[in-house]
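Here you get one chain, nothing else, as structure tokens; it is the form predicted alone.
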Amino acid sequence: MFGGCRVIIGIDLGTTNSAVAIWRDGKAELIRNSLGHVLTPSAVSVDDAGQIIIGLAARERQSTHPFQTSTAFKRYMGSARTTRLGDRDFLPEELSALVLRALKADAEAFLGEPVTEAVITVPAYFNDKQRKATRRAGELAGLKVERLLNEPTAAALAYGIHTAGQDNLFLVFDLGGGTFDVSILEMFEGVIEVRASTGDNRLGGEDFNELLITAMRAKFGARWREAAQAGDAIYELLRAAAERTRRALSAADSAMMSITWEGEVFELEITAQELETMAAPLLARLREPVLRSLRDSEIAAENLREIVMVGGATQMPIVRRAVTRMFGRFPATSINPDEAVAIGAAIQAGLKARDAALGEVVLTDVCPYTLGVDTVERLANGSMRHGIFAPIIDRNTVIPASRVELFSTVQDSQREVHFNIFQGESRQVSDNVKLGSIAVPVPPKRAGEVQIEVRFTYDINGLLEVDARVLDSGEKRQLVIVDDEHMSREDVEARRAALAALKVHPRDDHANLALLARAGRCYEDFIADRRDYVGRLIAQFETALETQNPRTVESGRLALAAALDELEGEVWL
């Protein structure tokens, strides 16, 4: 307990960066990590000794140790894709669990007491499998996930929509490193109701970076040959250079994209106008989710009080101009787009802990996808067409929700009815996402004489429960959609123990480790005199480390950091 309340932290688990915050003393407070930063890169690396490195130090190793480092794994949440680091394979939720565990440790160091509960944010357009994987990541990190909160809803809380004091409509435009969400929220009488949520789980800042990578490949690819492909060291150099260039173009009309490969410097000047031209297809993709959210909510754009921009990628001028053209007015940018979601998660954590400083706020959310089952359709000529989607809960239904539909047998003497559960918008189930299946025995009668009631119950965390009941016999079957693996509690505990057994680099060494990783990357990035200079700087700092004198180490660290800042600019998060 903290200050008489339960300790529940709020976590923004991001594609590029993550953050953790706490509600205390009447306000949300971002928690700094061991480096003093409020943002922790969502990066995991393994060093030669098998130790796990998380955060900035891991991200700095991306270009120098590409096969021992992983980033942007949030994009694969809910999939069976594995990443091999060191001598073992990691699922996306296991990599996410390591990041969550680091954030948990930062919170415990800050608060001075154990932390076991959290509100974790997810993109509003995350599907059922992705939400389950996020919850599982929290459990693997040793956290009880009190709630999965949609990122735009968290941003609305951070923006203070709940304290606006009047009825209003807001559109939250959330473009992060790897995902894009649009939500329309209505505030009335202490209730924040999500009217519609749409988005694109494969659109974010990383895609804009790929445009710059493609431009470099177009100019120099013939000289790099196969080395420029994804997964190779040169590709990771290009990724880092693209991120720096894109950020530079947010404040300048042009920027130089530069990498060093095999002792040669490759440079390409990119102007802001050229990036905007290259990005035209991506900017066009931002439009459809906005239009769909307006259609689904039956709200006209002119009735929106504000367009709230959150997510690091919304800091790009080309994105802000696109949104301004879309709505014919400037969006609201009064909150830090990188920090808003974590702050909102902390406010929700405060509400969960029933902090007296927070007035009563009711949050309603919506189901982002349509949920239903596969059915058979009888055609006019008497033949059957299989695989037709029958919706039970429509997208943008306010949750928690429970809906029921009746189905009947299609064959004489049928003894079992099998339902596959799907999530999506297509009439053909083959184009939707399969979540699971359920079978129920039925009495053998003529086709159409046996009816089965199927009920879907969808809760505020986006978890689905399916009940099937045969009206004639009363036979019942129930399924709670967990994931493809249908993991038991024992499985989760075993995987948590395996992660806990991994050697994680101590927090108090993170500053030195991150700086050495950065210096190592700079040594590889530069050539000739500058490379020699960085080599001497590294040797000087390593000598300082060997003294084990805190003052000498601190002085050496500051000197090395200042020298690297002068060479390549300050560290970005």
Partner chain sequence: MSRGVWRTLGLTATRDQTAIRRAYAARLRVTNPEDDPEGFKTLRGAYDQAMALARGQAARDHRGQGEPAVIAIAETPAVAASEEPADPAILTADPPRPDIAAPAQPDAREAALDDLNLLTGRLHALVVDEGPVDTIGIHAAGEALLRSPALDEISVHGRVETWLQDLIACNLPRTDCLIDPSVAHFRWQERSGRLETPGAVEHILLRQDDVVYRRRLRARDHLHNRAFRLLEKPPRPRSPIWRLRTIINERRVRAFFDNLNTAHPTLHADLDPGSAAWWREHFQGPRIGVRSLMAVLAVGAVAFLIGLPASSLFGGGLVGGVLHGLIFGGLAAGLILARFYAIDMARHHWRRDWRDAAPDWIRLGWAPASLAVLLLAGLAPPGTASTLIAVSLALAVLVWARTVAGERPGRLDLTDAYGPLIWANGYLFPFWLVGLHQLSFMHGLQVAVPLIVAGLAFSRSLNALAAYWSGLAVRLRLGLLASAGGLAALAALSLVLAGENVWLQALAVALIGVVAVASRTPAEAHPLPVLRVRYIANGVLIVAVIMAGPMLLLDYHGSSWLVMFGGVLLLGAAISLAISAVAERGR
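In this text, rigid core is short for the largest set of C-alphas that superpose within 1.5 Å between two forms. Numbering follows the first chain given and starts at 1. All figures in this text were calculated on a predicted structure; none of them were measured in a lab.
One more form of this protein, predicted together with the partner chain, exists but is not displayed; see below.
Enquirer: Looking at 395, 247, 477, 217, which has any heavy atom no more than 4.5 Å from the partner chain in the predicted bound form?
Expert: For this set of options, the contacting one is 395.
Enquirer: Consider the chain as shown here, without its partner, and state which of 408, 254, 426, 333 has a heavy atom within 4.5 Å of the partner chain in the predicted bound form.
Expert: Selected option: 426.
Enquirer: Report the stretch among 77-85, 289-297, 439-447, 411-419 that approaches the partner chain in the predicted bound form to within 4.5 Å, counting heavy atoms only.
Expert: Careful reading of the contacts points to 289-297.
Enquirer: Each of 8, 29 and 144 having a non-hydrogen atom within 4.5 Å of the partner chain in the predicted bound form: is that the case here?
Expert: No, because 8, 29 and 144 lack any heavy atom that approaches the partner chain to within 4.5 Å in the predicted bound form.
Enquirer: Is it the case that residue 374, even though its partner is missing from this view, gets within 4.5 Å of the partner chain in the predicted bound form, heavy atoms only?
Expert: Heavy-atom contact with the partner chain at 4.5 Å: absent for residue 374.
Enquirer: In the predicted bound form, is there a heavy atom of the partner chain that lies within 4.5 Å of any heavy atom of residue 314, even though the partner is absent here?
Expert: No - in the predicted bound form, heavy atoms of residue 314 and the partner chain never come within 4.5 Å of each other.
Enquirer: Contact with the partner chain in the predicted bound form for residue 189, defined as at least one heavy atom pair within 4.5 Å: yes or no?
Expert: Taking the distances in the predicted bound form, the answer for residue 189 is yes, it comes within 4.5 Å of the partner chain.
Enquirer: Examine residue 302 and determine whether its closest non-hydrogen atom to the partner chain in the predicted bound form is within 4.5 angstroms.
Expert: Although the partner chain is absent here, residue 302 would touch it in the predicted bound form, with heavy atoms inside 4.5 Å.
Enquirer: Of 255-277, which residues get within 4.5 Å of the partner chain in the predicted bound form if you count heavy atoms?
Expert: Nothing in the stretch sits within 4.5 Å of the partner.
Enquirer: With both forms fitted on the core, check whether the Cα of residue 401 differs by 2 Å or more between the shown form and the other one.
Expert: The answer is yes, as the C-alpha of residue 401 shifts between the shown form and the other one by 2 Å or more after core alignment.
Enquirer: Is there a C-alpha shift of 2 Å or more at residue 299 between the shown form and the other one once the rigid core is superposed?
Expert: No, its C-alpha moves less than 2 Å.
Enquirer: After the core is overlaid between the shown form and the other one, has the C-alpha of residue 372 moved by 2 angstroms or more?
Expert: Yes; residue 372 is a residue whose C-alpha shifts (by 2 Å or more) between the shown form and the other one when the cores are overlaid.
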